[in-house]
Every structure is written in structure tokens, then in C-alpha cells.
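We begin with a single chain expressed as C-alpha cells, specifically the form predicted alone.
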Amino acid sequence: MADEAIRTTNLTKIYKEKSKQPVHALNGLNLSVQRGEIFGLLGRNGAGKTTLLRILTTLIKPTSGSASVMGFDVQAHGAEVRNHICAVLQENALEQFLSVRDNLTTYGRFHSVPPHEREARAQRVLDQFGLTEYKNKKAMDLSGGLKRRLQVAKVFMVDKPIVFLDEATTGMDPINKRAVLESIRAQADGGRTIVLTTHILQEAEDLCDTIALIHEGRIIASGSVATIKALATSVFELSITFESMNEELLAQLKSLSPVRFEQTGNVVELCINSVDGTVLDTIAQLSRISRITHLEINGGTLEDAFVELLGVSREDTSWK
């Protein structure tokens, strides 16, 4: 389809090792990414996200099924695919003995950026990613977070229509992370397609236009953030302020088997599973024990949806 940047059909990848059981990293995965969107790929450790990115970037071949990028089959037309993409994978790929600026200009040279444009683009990227004060430092002398920021900044030296980012903000402090996320959004607003994996749910919620949840090598849910949240139909987040707190009230609250429970004085915040319509009955029962002076009810969060969809406990939500 003309508006598709990426499509996979029944994509399967099986890793085989002698004396070991075959590992199905991807298991008939079907995916569609539209041009110009930020697409978030989320899932637990070992779900298949990095394997998918490595296939789409032509680093490994699938066992079966098909994948195309900008209309080019990743196996039959690998060179054309590579001409349309740039990627930041989990491994850092920096020239350790070059300065920050030279890392950028060298990357531009490798991608045939004309000499008269390299310096201008490098300065733009340095400013955009807050790296100007470090421009003369060697990559080997940077902190882990700055190295990762430089790795992400490099791919924006070139004008490829699709950018793959695998755990792009790993190791960054909150301020640096915000700058990088704002830069990624600006690139998408300019028409580029961004595909990213992240284990930070708030990051995905703030940044992504579309989210897909991958589990055991399959996409089990996809859509906008609102669509994914709506899948947690029986989960409610409550914030209740009581006139007074007593043992009877605490016992009643704990009898609800909350997924999450936090108490600060007379204020209780909890997450409960409740069939729509009965949550108000629950609140009415609580109000008979102690008068409620403030109440907020919200639908499930992105994390609530994932916990429900994956059928795991909240203590076992290790996304990557």
C-alpha cells in the first residue's frame, strides 16, 4: 500500500543450535507501519523486538514469511532497503578516538553527504541534541548517557525516510532524555518514519502515534495509546480522600485485592479490577464507613493494559 513504510507477513525466525531446542524468536508476525508515524514496539525481554529490527535492517534473514521496507523486499532488495534506512541498535557504534563532531561528519561522509553540507548538518545536530559543549571531546571520554545520545544524533545527519531506534534513551538522565525525545518528534513531524523499541512505558505513551505489543514473537495488540488503554476494560485507578481513616476502612480497602495500593494519611490511591458498573457500588460501600471528601476515577493506564493482555503479575513486568 502506498502509505505503508513497513509491512511483514507471517514473519518467522527460528534460531537452531546443536543439542538445543529450536527457539522461535518470531512466530508468524504480521505488522504494518504507516509513513510519517512514530511506531513503538513494546514487549518483555525475549519477545522478539530486536530480532524483528535486525530483519528489517537486513542484518539477518527470516526463516520464512516476508518483510518489506518502503516497498522493497528485505531479502531480494537488501541494498535498496539500506538506502532508505538508518538505525541505532543496542550496540554502540562510535569511533572512540574521534571527537564528537568528527563522529558526526565521518558518519555523514560514509552516507555520501556532500562535503559542503557536513559541517552545517553537524552543527545543527550538535545544537539539536545538546552536544555542542562536548563537540571536541573524544567519544571514549564521554559518559554512557552521552555516548548513547551521540549514537542517536548520528542517524539524523542523513536524510533517510525510516529511522530504527532500539532502546534509544538507555542510560540517559531525564533532561537529556527529554531533549532526545523532542528531537525524535521533530524528525517525525518533518515526515520521517520512526520505529522504536523501549521498555519505558511513559516514554512510549508520550511519544508514539501507534503502539504494538509483541509477545512470544507475535503482535497481540496494536493501535493508538487510547486504543491500547481501552483494552484494560476492567481496570480502574482510584484516588480517594476520606474524612478519617480507621481499621475497618483499611480492612475493606484491602479486601478489594487491589493491584496497587498506596496510602498517605487519609488519601488512598489504588488500582482495582472491577466490572464496569460495580466500581461505583464499591465506592458507595466505602463511603458508608468514612465520608469521602474527594474522589477521582480514571480508566486503566498503559501498564495496566499490558499487565492484563500479557496475563502476568505487576511484579513481573520487565519490558525491553
Partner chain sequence: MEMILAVLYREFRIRTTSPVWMFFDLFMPLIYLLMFGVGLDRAMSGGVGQFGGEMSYQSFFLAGVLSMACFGIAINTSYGFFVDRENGIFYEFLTYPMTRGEFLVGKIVFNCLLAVVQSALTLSVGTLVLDIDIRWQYAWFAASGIVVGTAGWFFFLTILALRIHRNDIFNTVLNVAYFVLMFASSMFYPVDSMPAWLRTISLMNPLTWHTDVLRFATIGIGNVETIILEAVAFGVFLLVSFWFAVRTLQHAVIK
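Remember, predicted model here, so these are calculated numbers, not experimental data. Positions refer to the first chain, counted from 1.
Below, we refer to the form predicted in complex with the partner chain, which is not included among the displayed structures.
Q: Please check if Thr58 has a heavy atom lying within 4.5 Å of any heavy atom of the partner chain in the predicted complex.
A: Heavy-atom contact with the partner chain at 4.5 Å: present for Thr58.
Q: Verify the contact flag for Arg109: yes if a non-hydrogen atom of it lies within 4.5 Å of a non-hydrogen atom of the partner chain in the predicted complex, no if not.
A: Yes, contact at 4.5 Å.
Q: Examine Lys154 and determine whether its closest non-hydrogen atom to the partner chain in the predicted complex is within 4.5 angstroms.
A: Although the partner chain is absent here, Lys154 would touch it in the predicted complex, with heavy atoms inside 4.5 Å.
Q: Using the partner position in the predicted complex, report whether Ile85 sits within 4.5 Å of the partner chain, counting heavy atoms only.
A: The answer is yes: Ile85 has a heavy atom within 4.5 Å of the partner chain.
Q: Which one of these stretches, 249-257, 286-294, 264-272, 59-67, sits within 4.5 Å of the partner chain in the predicted complex when only heavy atoms are counted?
A: Residues of 59-67 come within 4.5 Å of the partner.
Q: Counting any non-hydrogen atom inside 4.5 Å, which residue from Thr227, Asn136, Ser239, Gln96 sits next to the partner chain in the predicted complex?
A: Looking at Thr227, Asn136, Ser239, Gln96 one by one, just Gln96 meets the 4.5 Å heavy-atom criterion.
Q: Thinking of Val23, Arg44 and Asp73 as the candidate spot, does the partner chain come within 4.5 Å of a heavy atom on all of them in the predicted complex?
A: So, no: the whole triplet misses the partner chain.
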